[in-house]
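A lone chain, given as structure tokens: the form predicted alone.
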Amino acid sequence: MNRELHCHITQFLTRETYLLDHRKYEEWLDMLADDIVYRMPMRVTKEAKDGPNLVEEMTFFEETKKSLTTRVNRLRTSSAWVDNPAPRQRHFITNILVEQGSQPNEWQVRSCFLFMRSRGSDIDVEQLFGERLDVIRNANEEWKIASRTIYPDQAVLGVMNLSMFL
């Protein structure tokens, strides 16, 4: 993998985290391919002899661009009371590994994430962490996230809700 490509993709993901942290969700939606699959399988706790501890068939969410757009639009209404006042949030993305994808213009991108959120004057901080597997596509000199699978490291999520985007 060449250094320039890795730099483009890293900058793309850094811009994405900026948009999410600053609640610029409409601009974030523009970074998503129209056919995106955005999902988070469940992690369970099992002994190693019982197989993998991810259940791909059960998800916390599995969304399309249309459902993500609906969620963003809802945040702009008065009925999104859980996000009013808006929580403060940070996305930290690291350990970015880029490999050629199944199509010539697509790359598989693995990264580690840490999401932290605080609400109001609470001293408690919510956090999620784990790994993301993205397919990032370049079409007509424009980068888009074609799919994102989020693998949380926690079997029991340490957040009050899943209103955030990861």
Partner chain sequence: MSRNRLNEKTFQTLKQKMAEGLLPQWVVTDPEIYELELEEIFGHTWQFLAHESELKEPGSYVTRWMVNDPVLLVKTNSGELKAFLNSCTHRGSHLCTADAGNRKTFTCAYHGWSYNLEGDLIGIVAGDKVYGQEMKKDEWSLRRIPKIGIYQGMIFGNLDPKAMPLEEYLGDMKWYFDMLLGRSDGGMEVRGVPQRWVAHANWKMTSENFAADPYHVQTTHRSTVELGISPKDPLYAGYGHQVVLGHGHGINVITSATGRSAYRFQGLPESMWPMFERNLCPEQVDILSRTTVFVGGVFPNLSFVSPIHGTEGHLHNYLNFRVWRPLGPEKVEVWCWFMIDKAAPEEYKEEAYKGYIGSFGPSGTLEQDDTEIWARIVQASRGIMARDKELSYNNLCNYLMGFDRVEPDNTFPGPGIAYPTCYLDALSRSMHEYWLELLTRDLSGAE
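Bear in mind that the values here come from a model prediction, so they are computed numbers and not experimental data. Residue numbers count along the first chain shown, from 1.
As for the form predicted in complex with the partner chain, it is not shown, yet the points below apply to it.
Engineer: Is there a heavy atom of S79 no more than 4.5 Å from a heavy atom of the partner chain in the predicted bound form?
Structural biologist: Although the partner chain is absent here, S79 would touch it in the predicted bound form, with heavy atoms inside 4.5 Å.
Engineer: Using 4.5 Å between non-hydrogen atoms, is L162 touching the partner chain in the predicted bound form?
Structural biologist: L162: yes, in contact with the partner chain in the predicted bound form.
Engineer: Within a 4.5 Å heavy atom cut-off, is N105 in contact with the partner chain in the predicted bound form?
Structural biologist: Outside the cut-off, so no.
Engineer: Within a 4.5 Å heavy atom cut-off, is N95 in contact with the partner chain in the predicted bound form?
Structural biologist: No.
Engineer: So which of L114, L133, V55, V37 gets a non-hydrogen atom within 4.5 Å of the partner chain in the predicted bound form?
Structural biologist: Looking at L114, L133, V55, V37 one by one, just V55 meets the 4.5 Å heavy-atom criterion.
Engineer: In the predicted bound form, which of 106 to 114, 60 to 68, 28 to 36, 135 to 143 comes within 4.5 Å of the partner chain (heavy atoms)?
Structural biologist: In the other structure, the partner sits against 60 to 68.
Engineer: Would R3, S118 and S147 all count as contacting the partner chain in the predicted bound form, using a 4.5 Å heavy atom cut-off?
Structural biologist: Negative, none of the three is within 4.5 Å.
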